[in-house]
Structure formats: structure tokens, C-alpha cells
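Just the one chain here, the form predicted alone, laid out as C-alpha cells.
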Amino acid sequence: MTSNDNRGGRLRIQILPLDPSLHDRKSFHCGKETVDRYLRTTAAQATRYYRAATFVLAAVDNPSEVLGYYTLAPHEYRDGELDLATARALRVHGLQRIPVLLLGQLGIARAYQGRGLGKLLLWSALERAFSTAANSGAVAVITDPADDRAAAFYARYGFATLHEAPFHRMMLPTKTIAAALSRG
């Protein structure tokens, strides 16, 4: 993969599973302290104990620098936790457990923001989520945007507000991801 670098050239990039011995997590700054802190203090442990999987965007020629990252984790709703209209639309009304995937974190380092790397990471996360759903089941991807700007970003890619309280949560059905992937 490639992206434009600061000098107007091309930056060859790759998305890899987080490797704490390789990726410099301490130097990552995206402008959201909670997103920065997760990568620095929690991501490696969450990956080590299989609670979540973190994927890092890095330059091919400098793989230790984290340009961005995202985290996916399993999640589930219980029957009755989703509103009836959503449960029917997802065809899960009456199920005791409703499997979804949580896109828990997504951030781009400040120096690399505004180049479409957020979109690239989101599509990588959605492709990975679809693969997981196809192999083990998940009816949707959910996320909890950090602020209104993040919510607007997710909305551009089809995420809809699931609820706003006690925190803002957005959802994208797996069937919507499947349709987008089939269009190429």
C-alpha cells in the first residue's frame, strides 16, 4: 500500500498485528489522550490475553513508528438490550446472545492526519471484522466515537447511532459491510 508523505512523495505502508517489541507505542500521539493511552498502556496486554486484537499502520522502511492503529474486540448484546427495530433489522430478535465486534480504538498520528489513512484503517478493520463474522459470527460492528468529529467520520462510512446515552455508540451491520466489500 502507498500514501502521500510530507514531501509530496509516496509512503509505502503496511498494516500489521501489534508487536510490542517492534512498535514504538510511547511516541504515538493522535490528539486524543484516551486513544494514545490505550496504545501505550493497554493494547499489548489486551492482545497477549486475547481480549482484543490491535493492528498497527507503519511505514515499510520504518516499521517501528506507529502511524496509526485500530483495535477489534468481541462483544455481545443480550436479548432486550437492543431496541426492537434494531433487533428486527439485524434479524436477532429473540436470540439470547447477539454477537457483535467492537471497534474499540482507531487513531492516526498527528503528523499523518488528513491523508486518508483513517479511511484506510477503517476499511482494514471492516474487512477483518467481516472475515471474523463469516468464520465465527457477528451481526454488526459497533464503536464508541471519542467525540463529534469521530462520530461524523464513522457516519460518512454508514455507521448509524445506536444510542447516545450513557455514551455515544454507533453501529454498522455486517450485511452492509458485505455489500460494500462485494462492490469492491
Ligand SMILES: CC(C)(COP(=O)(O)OP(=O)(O)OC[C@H]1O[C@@H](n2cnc3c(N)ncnc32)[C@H](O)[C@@H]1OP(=O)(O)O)[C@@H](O)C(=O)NCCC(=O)NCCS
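The first residue of the sequence shown is number 1, and the count goes up from there. The shown structure was predicted, so the numbers you read here are calculated from the model rather than taken from an experiment.
There is another form of this protein, the form predicted in complex with the named molecule, and it is not shown here; the text below is about that form.
Looking at the named molecule in the predicted bound form, residues 70, 125 and 142 place no heavy atom within 4.5 Å of it.
Contact annotation: residue 114 falls within 4.5 Å of the named molecule in the predicted bound form, judged by heavy atom distances. Under a 4.5 angstroms non-hydrogen atom cutoff, the named molecule in the predicted bound form lacks residue 82 among its neighbouring residues.
Using a 4.5 angstroms threshold between heavy atoms, residue 154 counts as touching the named molecule in the predicted bound form. Taking the partner from elsewhere, residue 26 is found to have every heavy atom lying beyond 4.5 Å of the named molecule in the predicted bound form. With the named molecule left out of view, the stretch that reaches within 4.5 Å of it through heavy atoms in the predicted bound form is, among 44-52, 132-140, 58-66, 31-39, 31-39.
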